[in-house]
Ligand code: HEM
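The chain that follows stands alone, in the form predicted alone, written as structure tokens.
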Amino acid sequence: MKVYIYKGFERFWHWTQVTLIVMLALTGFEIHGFYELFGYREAVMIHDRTAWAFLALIVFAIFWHFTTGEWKQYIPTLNLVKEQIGYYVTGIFTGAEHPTNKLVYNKFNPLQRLIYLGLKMLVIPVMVISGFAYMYLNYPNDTFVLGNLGPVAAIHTMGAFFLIVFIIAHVYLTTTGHKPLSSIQAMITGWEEMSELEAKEMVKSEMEYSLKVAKHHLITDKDRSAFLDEALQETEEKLGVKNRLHDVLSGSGAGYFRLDTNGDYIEVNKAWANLYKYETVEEIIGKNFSLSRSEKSFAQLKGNFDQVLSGETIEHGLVIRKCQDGSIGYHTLTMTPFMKDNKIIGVQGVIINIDRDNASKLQWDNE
């Protein structure tokens, strides 16, 4: 499954940054006399202009990160750092499960966050400052006396080696995705190919994240009419999925449903039908939600249903569902009013499947 991860500016910024850093490295090491490629004078001129272009890119990138909120991707955390290191050192070679999942709003694992933060807050600033000092600082100077540029050049060169090591490690780690070239292709097209398990976990995480955001707005905003619709739309936009979200959720364990004021199903997605063991969504349309409940659980759910029709939002920690074939399943449930023209005309909700092992760890809402 392919999921839209990287926005257009991210891809432009990434490849432009790579091009400029490589050009700075080529010309910089030639200036130091390691080889002759452009000629000393030409190398100095190219290095100078590329440095200015790199500085301009940094300014634009900082502006973009702060105006879009993407700067939060780099907030450091020590959670799972040890596990991430262990995965890269040994786990990756033994087929171990990745300790973290890549998400649209959380693209970097804990180790990447620390490395990228150090790169942006230490290595690149040192390179920029030492580079411009090396090229433009006159010495000796009436206001600032610098004996020689040896220390500045040494710092600048050391920073260049750090960048080269980072690029080599970065290129290697891009081959550790679902397929060897999937991460590189993702940075070209924006769409990253993931395994079925990774895609499912991502969709679930994105769904839960959007519902939490929507719930926050529900508490602070008076207009509740678009609560779940906006959550679903936000998730669809984040995921960048090419199909309707309801269809994509069919493989994720999360199901969507909508009921009229009588409790009859108006709409369900494929995931909902699969969870309840129906072969097609048409089998359930027009039927009442009481058919999937025991007498006791229906009484409780009917009370919740009436509360939602009065304007409340109901969340359940764990619900037992009675499937069409007589089997039992478990899921979380969120229900919210469905409104049109500022009038409640039904109930809509999302269920997220819980496996039996995890179900035993959650609080029961129905028996």
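A quick note: this is a predicted structure, and the numbers were derived from the prediction, not measured. In this text, residue numbers run from 1 along the sequence as written.
There is another form of the same protein, the form predicted in complex with protoporphyrin IX containing FE; it is not shown, and what comes next is about it.
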Quiz item: So which of I184, M135, I285, L119 reaches within 4.5 angstroms of protoporphyrin IX containing FE in the model of the complex, heavy atom to heavy atom?
Solution: M135
Self-check item: Heavy atom within 4.5 Å of protoporphyrin IX containing FE in the model of the complex - the one residue of F54, F298, F338, F305 that qualifies
Solution: F54
Quiz item: Can G28 be called a contact residue for protoporphyrin IX containing FE in the model of the complex at 4.5 Å between heavy atoms?
Solution: yes
Practice problem: Although protoporphyrin IX containing FE is absent from this view, report whether Q112 comes within 4.5 Å of it in the model of the complex, heavy atoms only. | Solution: no
Self-check item: Distance check, H47 to protoporphyrin IX containing FE in the model of the complex, heavy atom within 4.5 Å
Solution: yes
Quiz item: Can V281 be called a contact residue for protoporphyrin IX containing FE in the model of the complex at 4.5 Å between heavy atoms?
Solution: no
Practice problem: Within 4.5 Å of protoporphyrin IX containing FE in the model of the complex, counting heavy atoms only, one of 122-130, 254-262, 86-94, 268-276 shows up; tell me which. | Solution: 122-130
Quiz item: Taking protoporphyrin IX containing FE in the model of the complex, which residues along 152-172 bring a heavy atom to within 4.5 Å of it?
Solution: A153, H156, T157, A160, L163
